[in-house]
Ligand SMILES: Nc1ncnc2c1ncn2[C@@H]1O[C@H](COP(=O)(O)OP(=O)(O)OP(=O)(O)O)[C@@H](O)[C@H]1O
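In the block that follows, a single chain appears as structure tokens, in the form predicted on its own.
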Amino acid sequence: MHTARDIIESVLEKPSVFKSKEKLFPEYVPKYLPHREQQLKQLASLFKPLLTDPGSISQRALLVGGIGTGKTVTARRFGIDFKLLARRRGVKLEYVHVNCHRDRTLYLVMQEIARQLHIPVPQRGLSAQEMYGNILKDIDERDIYVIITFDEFDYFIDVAGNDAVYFLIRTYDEYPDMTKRINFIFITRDMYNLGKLDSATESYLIRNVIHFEPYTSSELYDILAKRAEEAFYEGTIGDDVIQYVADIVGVDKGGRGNARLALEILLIAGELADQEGAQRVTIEHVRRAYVKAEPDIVVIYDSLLYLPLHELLILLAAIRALSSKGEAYVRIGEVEQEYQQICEEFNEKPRRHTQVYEYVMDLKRLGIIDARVSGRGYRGKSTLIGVRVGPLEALEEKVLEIINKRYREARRM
């Protein structure tokens, strides 16, 4: 019998596909931000007066975009690099990043700003407004300027309310001659919550809006390829695997365009490879990772119960064709051949090509399969079919179980 230490050591000594797993974590801020160059340029243009005429204006920017569109990492990267460039030019600049999902009240936000700026907070209880006054006094005495990012600003609006937002953004209104040392970046998923503010506050916030669109598959490929280079040992993950993750998440291929989800899938796929002692990350690892990372996967599994019989047979055919070839996609013709054999197994009359194509499109609409027109690397045009969820073996068992149950119920009637 192995001791606990033996078991732990066996895991620690097992080789890994990762050389730096943390490069796939959401909090990692890479030096390169593919396809967010335009947003960085907009931020640099807005905050340029901080370097050319510091203290002349209090600047603010509003970053708007869905989950995983690069808002947070762009703000952090900008803050890190802009601070360095400012200091080279003799401007003492600090960058503060506040997560409003955690710090939702004005008081908690002030505490966090003071902590990051290394400003001591007196033991006696201070109001949020008094604490802010101390912060303004401290940075003035130290002759420093600050960019404060309010990440997930939606939560702050919901909890703190209009008065707290107004208090922040109108910092220098009462003191027009005061050196304007504090600048703001606000990050929100959409403009909806801004409608909860009064018109004056809302109009002040939306003057400098920078939009972040969901990523396409080609954009995600560039992001994932760069991160994979940093995170995985050479030869442990192929371009086909990276492209597959980019395809199932890319907004142009029916995905959410969420880079955070794509990175999580890549991370989980690598962890699954490590657990098995595999030397390479495979497409099957990605399918299984997608099941763990995608929160709506349960809905997809539930929808299998309500599929018409021949759609289930088509799905079974796609699973078997993909399992046989070991690839991310197969041609619709290969699926049809498999489908005809399955129909013989179940003594069913196979449907014609037009009907099969309609079944495929229906399965695609439900998010169960992926179907697209072939591109580079394929002779002629054909519909390519893939299955996002996995493992394929478990999915095949599930589909077969539902089909067999249908036949048992039909015999009883």
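In this text, residue numbers run from 1 along the sequence as written. From a predicted model like this one, the values you see are computed outputs, not experimental measurements.
The discussion below concerns the form predicted in complex with the named molecule, not included here.
Original post:
Quick one: of G367, P350, P54, P34, which gets a non-hydrogen atom within 4.5 angstroms of the named molecule in the model of the complex?
Top reply: Selected residue: P34.
Original post:
Looking at H310, R288, R256, R189, which is the one with a non-hydrogen atom within 4.5 Å of the named molecule in the model of the complex?
Top reply: Flagged contact: R189.
**OP:** Work out which of the listed stretches, 43-51, 381-389, 24-32, 354-362, brings a heavy atom within 4.5 angstroms of the named molecule in the model of the complex.
**Re:** Correct option: 24-32.
**OP:** State yes or no: in the model of the complex, is some non-hydrogen atom of R181 no more than 4.5 angstroms from a non-hydrogen atom of the named molecule?
**Re:** Because no heavy atom of R181 falls inside 4.5 Å of the named molecule in the model of the complex, the answer is no.
**OP:** Flag I157 as yes or no: does it have a non-hydrogen atom within 4.5 angstroms of any non-hydrogen atom of the named molecule in the model of the complex?
**Re:** Heavy-atom contact with the named molecule at 4.5 Å: absent for I157.
**OP:** Classify V373 as contacting or not contacting the named molecule in the model of the complex by the rule of any non-hydrogen atom within 4.5 angstroms, answering yes or no.
**Re:** V373: no, not in contact with the named molecule in the model of the complex.
**OP:** Would you check, heavy atoms only and a 4.5 Å threshold, whether T72 touches the named molecule in the model of the complex?
**Re:** Contact check for T72: yes, within 4.5 Å of the named molecule in the model of the complex.
Subject >> in the model of the complex, residues of 250-276 near the named molecule [heavy atom within 4.5 Å] >> reply: Result: A259, R260, L263.
Original post:
Your call: L261 and L305 CA atoms, closer or farther in the model of the complex versus the shown structure, by 3 Å or more?
Top reply: It is closer: in the model of the complex, the C-alpha atoms of L261 and L305 lie at least 3 Å nearer than they do here.
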